[in-house]
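To begin, one chain is listed below as structure tokens, in the form predicted on its own.
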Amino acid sequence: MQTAALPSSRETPPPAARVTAAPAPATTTPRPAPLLRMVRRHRGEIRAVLVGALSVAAFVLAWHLLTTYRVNLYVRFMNVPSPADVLESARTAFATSTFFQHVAISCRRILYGFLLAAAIAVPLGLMMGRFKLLSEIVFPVTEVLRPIPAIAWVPMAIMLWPTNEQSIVFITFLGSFFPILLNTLHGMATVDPVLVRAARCLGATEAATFREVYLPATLPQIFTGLTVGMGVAWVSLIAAEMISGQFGIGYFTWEAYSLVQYSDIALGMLAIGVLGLASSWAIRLVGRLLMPWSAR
């Protein structure tokens, strides 16, 4: 006789409902302000600007103290104008257009002479570095002419060119030509020959090898030569304008000396320094644009 199965007194309880907790709000780190991010990104450049400003301020302060108290410790500061005197002279000079005409004429001469020197020296240096015979022909002549100072070229330049303007541009050209040429030659000598052989194995022509291998590898030295050449060009220009010029910032400075206007002498010197600094900065800026891989 079969007995019916009794239901178990222990029934399986229903599964408990899963309680899902609400996700905790994510803690987001506040991003720094755009100005703060820019400061962090360029803190090296900002530090350099601040240090440079402090250095210039210290120089002006030392200049003010030495000229105010007429210091005479072997180097005499009795007749040297103070910064206030130079500032007053600058206000007088800036009130007329004569001073700016001198500056514009000097900048025009620098531009003509420097660009002409770069247009000749850079290709010539590349070709001399590539072809040994050309270097053997040209290099001895350049080494003989290179040590001759710009002042020694003034009488010869006056005899060579029909106008003073052309002779001054020629002297400026000579001043910047040799540093650019030598630095380009040095750059060609440092090109890795493995890169040249690799380009030729890949079927590169001579022109393509120059464009893709020699020129990019030589650009840092070329811009070093351009920077040095610009500084020498200003030195040569001022010497030429003082001796044979009738206009320009060099003539302005020499005329101030002849008229015993000491404040104008200092003003002319400061103008030359600022113009030279701006020219070198412009060359470095172009170099950073053409060589982004070498920008620091």
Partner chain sequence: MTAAAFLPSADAAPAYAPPKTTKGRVEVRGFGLTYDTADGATDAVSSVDLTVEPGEFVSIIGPSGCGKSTLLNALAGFLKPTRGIVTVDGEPITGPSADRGMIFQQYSLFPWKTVRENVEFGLKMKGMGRAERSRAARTLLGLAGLTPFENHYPDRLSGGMKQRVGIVRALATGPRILLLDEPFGALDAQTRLIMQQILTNMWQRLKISVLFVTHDLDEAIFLSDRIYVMTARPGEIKAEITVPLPRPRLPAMTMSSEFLALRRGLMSLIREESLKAMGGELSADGLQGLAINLEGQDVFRAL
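Residue numbers count along the first chain shown, from 1. Just so we're clear, the structure is a prediction, and the values are computed from it rather than from any experiment.
Keep in mind that the form predicted in complex with the partner chain is not shown, yet the notes after this line are about it.
Site annotation in the predicted bound form: the residue of 152, 195, 145, 71 reaching within 4.5 Å of the partner chain with a heavy atom is 195. Among the residues 160, 141, 202, 75, the one placing a heavy atom within 4.5 Å of the partner chain in the predicted bound form is 202.
Although the partner is absent from this view, residue 86 stays clear of the partner chain in the predicted bound form, with no non-hydrogen atom inside 4.5 angstroms.
Contact annotation: residue 213 falls within 4.5 Å of the partner chain in the predicted bound form, judged by heavy atom distances. Though the partner is left out of this view, residue 156 does not reach within 4.5 Å of the partner chain in the predicted bound form, counting heavy atoms only. In the predicted bound form, none of the heavy atoms of residue 107 sits within 4.5 Å of a heavy atom of the partner chain. In summary, the region of this chain contacting the partner chain in the predicted bound form, judged by heavy atoms within 4.5 Å and restricted to 167-175, 214-222, 125-133, 75-83, corresponds to 214-222.
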